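Quick heads-up: it's one chain on its own, the form predicted on its own, in structure tokens.
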């Protein structure tokens, strides 16, 4: 039983919290310096076989999801929870005690300052110390007293900081475990489903803002999200570093690329036309097993003898379409189409045209983001209370000889408080000890 109490006390102690924080800080530093999610071979080539083995053994290739990182985080949460639960009754008692002059009379310590003047001068000391309108009364022994306190809420600063850290950690952890991420890309006019959700995203517009030197300044997409179940919709614009939120999902402008129209003709008659983004494959509906892969696009195409297909600029001076043709999963052709070039496969003709930029939108759904934000706000509130609201109390009471004795309490900066109080009580008014 005694051992359990010691364990319980240690787990709720500041010492245990500091140990956990140091370990977590070291782990986060390791996760920042060591590239995450790579193979054993990659770590061997980047470091050494010994280092690669250690990284894999300790889980340093996935620090933030490693079992020991999660265990340490759980212990930190338990520590914060225990700390707050155990301290709450004591804080409540202190909070109430600050409004009780009788309690301060019982707590008065040796070395309290004594003024020989009357109640009027004692009142001036309260004013100099910044305590307005002190409460006047009489204690159980019939002694007159003056009492004032300020900023009681400051007592809860550290407690709120602990609570905020706990809420932030739990909110972030739950968010990481339950978040969903989707990617939607396409050209204006296209509408695509968002993963396994009941929503679809329509791309209304996509603009590439250029600077005077023809370099890209900004990407901006006009988007509309539809609720497939009830038919409702919401619209927004997103650009780099300016995301939008629709139906509780965060939309980010991620990247861009090229797309083109691919038309399939059979015996000279068009039978199929689709807009295909670079990296996608068009399966010919009329011929099972026949597919055309749009590999890459070169706006100003030229062939470099050393590196292969290249582009001189982003201007559409000589569009080139790199393709691969497949039949029954076997490559039957690969080339770059320029000018009037087409692909001819038996009775089928494939034509690339109308190159344009597509937009890629990253969509994140994290239901616990508000919880993490709430934790951050609680921490800020706690820091404000802890650093800007200095809780203090001042008590003066009349002794039998008519002198007034003054004592103050201040948990933070107590020495400075006492020094200022001593200065407010002038030497000629102090009673010799």
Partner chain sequence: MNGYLQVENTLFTAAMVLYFVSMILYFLFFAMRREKAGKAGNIVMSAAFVLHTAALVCRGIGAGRFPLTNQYEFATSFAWGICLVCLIFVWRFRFQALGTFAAPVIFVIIGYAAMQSREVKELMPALRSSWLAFHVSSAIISYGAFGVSFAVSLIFLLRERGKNNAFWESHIPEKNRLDMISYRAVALGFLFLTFVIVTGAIWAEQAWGSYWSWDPKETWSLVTWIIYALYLHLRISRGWRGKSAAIFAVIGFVCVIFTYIGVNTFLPGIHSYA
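Remember, it's a predicted structure, so these values are computed and weren't measured experimentally. Numbering follows the first chain given and starts at 1.
Although not depicted, the form predicted together with its partner chain is the subject of the following passage.
**Student:** Sort through 407, 52, 60, 383 and report the residue having a heavy atom within 4.5 Å of its partner chain in the predicted bound form.
**Tutor:** Selected residue: 383.
**Student:** Which residue, 218, 233, 178, 314, has a heavy atom that falls within 4.5 Å of its partner chain in the predicted bound form?
**Tutor:** By the 4.5 Å heavy-atom cutoff, the listed residue in contact is 218.
**Student:** Every residue in 140, 148 and 402 with a non-hydrogen atom within 4.5 Å of its partner chain in the predicted bound form?
**Tutor:** Heavy-atom distance to its partner chain in the predicted bound form: none of the three under 4.5 Å.
**Student:** Heavy atoms within 4.5 Å of its partner chain in the predicted bound form: which stretch among 121-129, 256-264, 157-165, 321-329?
**Tutor:** Correct option: 157-165.
**Student:** Just to confirm, residue 211 within 4.5 Å of its partner chain in the predicted bound form by heavy atoms?
**Tutor:** Looking in the predicted bound form, residue contacts with its partner chain include residue 211, since a heavy atom lies within 4.5 Å.
**Student:** Taking heavy atoms only, is residue 252 within 4.5 angstroms of its partner chain in the predicted bound form?
**Tutor:** Heavy-atom contact with its partner chain at 4.5 Å: present for residue 252.
**Student:** Consider residue 40 of the chain shown here, and say whether it contacts its partner chain in the predicted bound form, taking contact as heavy atoms within 4.5 Å.
**Tutor:** Heavy-atom contact with its partner chain at 4.5 Å: absent for residue 40.
**Student:** Any of the heavy atoms of residue 46 lying within 4.5 Å of its partner chain in the predicted bound form?
**Tutor:** No, residue 46 sits far enough from its partner chain in the predicted bound form that none of its heavy atoms falls within 4.5 Å.
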